[in-house]
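For reference, the chain that follows is the form predicted on its own, supplied as structure tokens.
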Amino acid sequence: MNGQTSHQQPKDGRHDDDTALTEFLASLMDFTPTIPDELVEHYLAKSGFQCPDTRLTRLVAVATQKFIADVATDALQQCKARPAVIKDKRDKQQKEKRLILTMEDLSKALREYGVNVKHQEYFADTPSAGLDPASRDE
């Protein structure tokens, strides 16, 4: 254990890291992410970032895809943890099989990542829902 051996190990480790990074960046050219390059480029440009390197765009797409997958998984866990409401015994088997993801589940999952979602208390299926019947154009 002399000083030269300890200096060579980090150098070899760094070489391995550089090689792995180079191989990873090269593999991004062959990879087609779920999120299209054009969409990633649009939002990068909207935020003031422009880069002609497709590998960087795909790296952002992969990171975004991972983030969305993590949020979806956490939201599913929130949904599973929420007690199911069973109205009668006939629906019991059907309710146990189906999970319904709500905005509350998604909001809780996003909150864990520092994203606060604000949504209205009332959502309408149609534009005229919630209006006075006399004011509807139907």
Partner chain sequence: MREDKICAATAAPNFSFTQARVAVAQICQSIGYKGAERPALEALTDIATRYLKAIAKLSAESANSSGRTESNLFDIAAAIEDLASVQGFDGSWRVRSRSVWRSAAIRDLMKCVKYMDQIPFAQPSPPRVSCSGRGRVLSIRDNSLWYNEGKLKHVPRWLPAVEVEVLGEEEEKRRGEVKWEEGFEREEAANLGSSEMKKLKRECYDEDVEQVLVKRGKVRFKIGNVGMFKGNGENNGGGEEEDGGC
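Numbering follows the first chain given and starts at 1. All figures in this text were calculated on a predicted structure; none of them were measured in a lab.
There is also a form predicted in complex with its partner chain; it is not shown, and the following applies to it.
- At a distance threshold of 4.5 angstroms between non-hydrogen atoms, residue 68 is in contact with its partner chain in the predicted bound form.
- Contact check for residue 81: no non-hydrogen atom falls within 4.5 Å of its partner chain in the predicted bound form.
- Taking its partner chain as it sits in the predicted bound form, the stretch 26-44 comes within 4.5 angstroms of it through a non-hydrogen atom at 27, 28, 30, 31, 32, 33, 34, 35, 36, 38, 39, 40, 41, 42, 43, 44.
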